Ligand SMILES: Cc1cc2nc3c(=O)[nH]c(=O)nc-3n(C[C@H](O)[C@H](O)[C@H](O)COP(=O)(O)O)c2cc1C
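In the form predicted alone, a lone chain appears below as structure tokens.
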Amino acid sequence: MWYQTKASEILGIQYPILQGPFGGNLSSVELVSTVSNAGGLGGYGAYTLSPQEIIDVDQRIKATTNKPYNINLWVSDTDAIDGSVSDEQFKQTQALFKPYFDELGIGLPEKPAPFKSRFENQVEVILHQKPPVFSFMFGIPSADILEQCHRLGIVTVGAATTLDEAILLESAGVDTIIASGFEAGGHRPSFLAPAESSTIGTFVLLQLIKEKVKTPIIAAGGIANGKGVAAALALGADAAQIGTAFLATDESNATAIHRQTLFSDAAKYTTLSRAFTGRLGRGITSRVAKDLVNMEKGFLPFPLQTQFMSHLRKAAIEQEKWDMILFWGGQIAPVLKHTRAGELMKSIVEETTDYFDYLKT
């Protein structure tokens, strides 16, 4: 059967379909358990959570499913040297964004406090809680961390945006590798070179990696239905990860307006921008992203830009100025049909099965 792949065997799931783990408070326990209980792999993006919050989430997931699930962290969670920026750089950012704050009638925020990486403490929780699957982005954990995961029976999944990154992940001994194409919504998880140099489509990247890497590959980006899953498998993927389609379901923690926007005409237009977080990410095109093209030098490094823009986002939501907000979403959004995660999973499995059954006739 099409769903009996190396990845489904390694991950311990019935169907090689992964729900993308959303950061920024967009994940939900309900979505994770719905996907996992339906035979896929639910995923929870935890990079913004404190160690105690990760423990709480993990315990809640365990209470709602006895199937495998995934918790995701960011290996590199800051681009700010010593966690901060100079006063001069911060003033430049204030000046660049002042017109938007003025339009909303709110004052400019103060300079964010220095950011301290949380990854080390977060990983300690992963090793203690032992989720079935631990995925990570923006780098590779240390050899010691990966060895402890393997010893504890935690399956490891790394993300690559280029062939070079995939080769490095394989040499580190990860169990599976996500080939993250530039069609995908959310951040580009590049770690060897600037994300702007990793704009490779999912199916090209998948084929490049399959030529050089033996580790099972999970295709991600531009996949939202059974046809996409079948295409990924036909090109050599062992599984497919689906983000935007699950983000748009009622079970995700996205706001109602975010979900509505993913089903609207606006979803036809997406942009890769650093304006909202300091890291390159794809979302539905907004006025701010369009205005500030090629003005990246005026942005703060991640995550200070996120903290700075959170003030603008809050006011824009309150005033319903949707064109000033980044709604994460991938290029595939215009084909979305399902608002319930269970129905989406059922449709994906049926459509993929129908495709491979058709090939047999």
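Computed from a predicted structure; not experimentally measured. A residue's number is simply how far along the shown sequence it sits, counting from 1.
We do not show the form predicted in complex with this ligand, though everything after this point is about it.
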Would you point out which of 311-319, 22-30, 298-306, 49-57 contains residues with a non-hydrogen atom within 4.5 Å of this ligand in the model of the complex?
22-30
Contact residue in the model of the complex, from 160, 174, 237, 220 (heavy atom within 4.5 Å of this ligand)
220
By the heavy atom within 4.5 Å rule, which residue out of 165, 183, 77, 251 makes contact with this ligand in the model of the complex?
183
Might residue 242 be said to contact this ligand in the model of the complex, defining contact as any heavy atom within 4.5 Å?
yes
If we define contact as a non-hydrogen atom of the residue within 4.5 angstroms of the partner, is residue 325 a contact of this ligand in the model of the complex?
no
Considering non-hydrogen atoms and a 4.5 Å limit, does this ligand approach residue 38 in the model of the complex?
no
Whether residue 72 contacts this ligand in the model of the complex should be assessed with a 4.5 Å heavy atom distance threshold; does it?
yes
Quick one: name the residues from 121-141 with any non-hydrogen atom within 4.5 angstroms of this ligand in the model of the complex.
137
